[in-house]
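Only one chain is shown below, in C-alpha cells, and it's the form predicted on its own.
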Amino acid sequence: MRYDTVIIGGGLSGLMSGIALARAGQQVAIISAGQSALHFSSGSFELYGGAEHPLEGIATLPAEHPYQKLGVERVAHYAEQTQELLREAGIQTTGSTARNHYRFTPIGMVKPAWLSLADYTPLESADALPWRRVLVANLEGYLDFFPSFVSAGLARLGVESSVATISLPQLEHLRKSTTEMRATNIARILEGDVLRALAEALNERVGDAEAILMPAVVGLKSDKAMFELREQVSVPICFLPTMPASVPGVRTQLTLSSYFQQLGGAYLIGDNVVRGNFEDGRLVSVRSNNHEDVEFRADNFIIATGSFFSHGLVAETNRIVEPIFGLDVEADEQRTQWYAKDLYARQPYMSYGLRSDDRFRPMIEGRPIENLYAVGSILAGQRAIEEGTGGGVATTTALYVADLILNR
C-alpha cells in the first residue's frame, strides 16, 4: 500500500499532523493502536503553565526542549494554527497564546490552561471565582467525581456550595456495577428524554445557587447534548473534568479522527507497527501486526507513539528503548539514575525521549533518518507534567513537521 505519508500513532500529535497533511492534498495513513492519551485528557490543553504569559515563559526553557528547537515565533504561529484547525474540525475552544486562563481540576483545584473545550468555564484568576454560591451536583453511583473535594476547593476561594446527588432511573442498570458506571457509558445514555429528566432534576435542586458545577459526562460523540443541557437549566452549568475515561477527551479523539477521514485519510485503528525497512538512511516501508503480508510504503513517515504511558518508550531491565525501530533514546544509562527515591522530587525519566536533530528527525547510532520525523511526547527534553507543556508540544511539533514534509 502506497501513501505520501504514514503516521505511526493516532493520538493528538498523529491526528494533527495527519489532518494538516490531508488538508493539503496528501494521501495519508494513520496506524493507531487504539486508545490514546486523549481518552485520559482533562479537555484542556497547556502551552506552558509556568508563567501567566506562556510565550514569555517558553523562552526560559532549556536548549534541549522541543520548544527551543522550534523557537518562540514558530511556537506562537503553530499554536494559533492549532486553534484554527480544531475549529475547522468542529471543536470549540476558549483561550489565547497571549495569556493563560484557569480551569478546575477533578479535585477542585485551579490550574492554568491555554485552550479549554466549550464544556468548561474559563476562569480569569486562580484566586477568585465569578460566583458566591454554587450547587455541586453528582449522579448517584458515579464514583469518578469527588463533590467533597470540589466543595473544599470552592471554600478556599470564598465560594459557598451545597451538594446534590441526582438519581435517574434510566441509569439504574449502570449502577449495578461500578465498572459500568463510567463517564463514557453515562454519556451514551444522557440524551433526549434522559437529558431532559436530568435538566428537570437540576432545576429542582438549584435553589439560590448562581451556577451548577457537575462532572463532564455529557456529549460523547458531539457537544450537542452538552449545549442542550445548558439551555434547559435555569443557571449556568460549569462542567468539571473527571477521573478517566474523559468524555471531552474521547469526543476530541472521535471528532479529529472523523475529520481526518473526511479529508480522505486512512485511519487504521487497533493495529501496531512492528518493524520497518531501511535503505540508505531512509525508512522505505513499515509492517504491522494486522497486515503482516502488506508493506505500507511512503515518501515520509512520522512517529507519534508517545512516551512510556502509551508504550512509545519501554523500560527494559537495564535500558530505555524505542520498541519499533530501535531509535536512539536520550536517557541515563544506569537504572538507578532513572528515578529519584523521593516521590515528590524531579524524576529524571520524565524528560527521556527520542534524540532528534533540529528538524525533529530521530536517529539510529547518531545519524538522522532522512524521511522519518518524531512529534509530541516521544521527543526528549520536555517535562510535560511539571512544565504544563503537553498539549502545546503535541500540536506545535506536529504542525511544524507537517509543514516540513509539505515544503520538501
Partner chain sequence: MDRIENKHYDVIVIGGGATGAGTARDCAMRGLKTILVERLDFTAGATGRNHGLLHSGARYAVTDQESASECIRENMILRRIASHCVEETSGLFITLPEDDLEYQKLFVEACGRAGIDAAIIDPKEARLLEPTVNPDLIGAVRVPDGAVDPFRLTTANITDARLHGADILTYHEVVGFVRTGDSIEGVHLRHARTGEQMTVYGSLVINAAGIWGYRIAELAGVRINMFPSKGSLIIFGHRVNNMVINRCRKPADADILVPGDTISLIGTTSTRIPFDEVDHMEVTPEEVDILMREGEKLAPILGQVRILRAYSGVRPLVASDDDPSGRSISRGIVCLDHEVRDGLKGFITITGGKLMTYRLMAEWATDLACRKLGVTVGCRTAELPLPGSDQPKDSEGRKRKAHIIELSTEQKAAEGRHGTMSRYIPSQNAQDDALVCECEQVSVGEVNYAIENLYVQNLINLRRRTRIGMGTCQGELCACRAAGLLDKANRCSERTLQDLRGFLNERWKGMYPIAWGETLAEIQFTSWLYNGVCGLDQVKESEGKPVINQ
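Residue numbers count along the first chain shown, from 1. All values reported here derive from a predicted model rather than from experimental measurement.
Keep in mind that the form predicted in complex with its partner chain is missing from the display, and what follows is about it.
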Subject >> Contact at Ser41, Val110 and Ile385 by its partner chain in the predicted bound form, all three, heavy atom at most 4.5 Å >> reply: yes
Original post:
Would Tyr259 count as touching its partner chain in the predicted bound form under a 4.5 Å heavy atom rule?
Top reply: no
**OP:** Verify the contact flag for Asp144: yes if a non-hydrogen atom of it lies within 4.5 Å of a non-hydrogen atom of its partner chain in the predicted bound form, no if not.
**Re:** yes
Original post:
With a 4.5 Å heavy atom cut-off, would you call Ala340 a contact of its partner chain in the predicted bound form?
Top reply: yes
Subject >> Any non-hydrogen atom of Ala128 within 4.5 angstroms of its partner chain in the predicted bound form >> reply: no
Original post:
So which stretch, 340 to 348, 354 to 362, 23 to 31, 50 to 58, is the one near its partner chain in the predicted bound form (non-hydrogen atoms, 4.5 Å)?
Top reply: 340 to 348
Subject >> Contact residue in the predicted bound form, chosen from Glu88, Glu210, Glu172, Glu330 - any heavy atom within 4.5 Å of its partner chain >> reply: Glu172
Original post:
Of these, Leu254, Val284, Met243, Ile269, which has a heavy atom no more than 4.5 Å from its partner chain in the predicted bound form?
Top reply: Met243
Original post:
Heavy atom within 4.5 Å of its partner chain in the predicted bound form: which residues of 135 to 164 qualify?
Top reply: Glu140, Gly141, Leu143, Asp144, Phe146, Ser148, Phe149, Ala152, Arg156
